[in-house]
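Let's start with one chain on its own, the form predicted on its own, as structure tokens.
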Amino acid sequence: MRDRRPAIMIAVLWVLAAPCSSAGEQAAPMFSLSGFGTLGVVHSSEQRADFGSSIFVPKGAGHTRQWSPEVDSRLGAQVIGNFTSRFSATVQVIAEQRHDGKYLPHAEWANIKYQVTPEFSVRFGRTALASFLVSDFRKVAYANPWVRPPGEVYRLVPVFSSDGLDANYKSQLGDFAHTLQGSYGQTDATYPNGARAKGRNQWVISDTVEYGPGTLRVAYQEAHVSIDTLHALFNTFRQFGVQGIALADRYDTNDKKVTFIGVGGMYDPGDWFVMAEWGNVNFRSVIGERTAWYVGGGYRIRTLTPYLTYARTKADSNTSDPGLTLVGLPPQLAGPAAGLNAALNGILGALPVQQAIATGGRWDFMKNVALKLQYDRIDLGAGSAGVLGNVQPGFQPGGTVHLLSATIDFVW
């Protein structure tokens, strides 16, 4: 069934917020409307796999189309309603490629905010996960120097928002500004093959420290994740007795605790900037454990900003397993067991291992509009497809992929 929670949340926002005004407060709601978007195209040299925007989309550049507009193109709009001095609501809607290849708009954010004190606020609804340095505007490409955030790091946590509660506390300690943020909720996602991923008991805590032109963010995230089709696979493993049960207990994706820790920093005095992030995610299942990082910077020359980024991601868990022992199995079971082993190793071997250099430039050729050109050289790890998806027969892992991207980013 279609997920109806975003629509329900939006309705709740209006019901809760509309009657909030009282004597001495603003009587009529005041709304502000803003928007953002990207028109982009990406070319990939790899014709037997796709470079896509995430693991949850079916199409990208390479096999599906050598020149693809699906990777980066999106359109978003945001409405903020300031109902009283304490109550406000935010709804952000984005149209971009979905798991089914369609571009139907979806609610990226839909929340109501209560400002308890000037320093402390709480929100209910759908909010951004504060996992990374640019989490709050990772889809507003105009706000970022690159065409897209380095996927080596930002794909460690492939979901962007959470349905639940979050709280913000801001404080000033001398010249240091702190923003402590915590959230608790849940999230759902659908893969192109129809598999469903569910994150429950999901919580994030992050601390952002600003000092002059410097920013540092540290985040810790935890959730219990289930992926239905993989759970069904490991239930089949359990039918092979003690050995199958042991493998299923180790690799099953049903209600497994996933942890993420990330550290990111930026220094931007105006004429130039440097940025770096590091992250580690451990799924405690067949999806494994990964570590990634990037470092980059750029220099602003009037309206031009050339930049350079280097990024790496690696697997910290095993990428293969002997699986079920076939020796001694009757012929009617040896074939299915071999198939299960192949499926297990296919998933383990899909852990992305790669390094990439991205170089490009941004030209702010008119107000609120920027043109970006970017070249990526991606060197895949031995036996790995890296972050590529939609892998086709004949694909050779461990090679080099060349990407060329062009986008026009805008805000209004």
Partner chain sequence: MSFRHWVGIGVVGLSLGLMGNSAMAEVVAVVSSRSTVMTLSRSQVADLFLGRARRFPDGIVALPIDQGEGSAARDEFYLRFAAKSPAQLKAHWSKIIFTGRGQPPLAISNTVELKRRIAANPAAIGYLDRTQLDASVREIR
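Because the structure is a prediction, the values reported are computed rather than measured. Numbering follows the first chain given and starts at 1.
Keep in mind that the form predicted in complex with its partner chain is missing from the display, and what follows is about it.
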Q.
its partner chain is absent from this chain, but in the predicted complex, do 257, 289 and 349 each have a non-hydrogen atom within 4.5 Å of it?
A. no
Q: Identify which of 307, 283, 191, 142 has a heavy atom within 4.5 Å of its partner chain in the predicted complex; exactly one of them does.
A: 142
Q. Which residue, 241, 331, 328, 270, has a heavy atom that falls within 4.5 Å of its partner chain in the predicted complex?
A. 270
Q. Any idea which of 379-387, 52-60, 365-373, 66-74 reaches within 4.5 Å of its partner chain in the predicted complex, heavy atoms considered?
A. 365-373
Q: May I ask you to state whether residue 212 is within 4.5 Å of its partner chain in the predicted complex, using heavy atom distances?
A: yes
Q. Would residue 130 show up as a contact with its partner chain in the predicted complex if we use heavy atoms at 4.5 Å?
A. yes
Q. Is the gap between residue 186 and its partner chain in the predicted complex 4.5 Å or less for some heavy atom pair?
A. no
Q.
Please tell me whether any heavy atom belonging to residue 97 falls inside 4.5 Å of a heavy atom of its partner chain, as the geometry stands in the predicted complex.
A. no
Q: Can you tell me which bits of 226-254 touch its partner chain in the predicted complex, meaning any heavy atom within 4.5 Å?
A: none
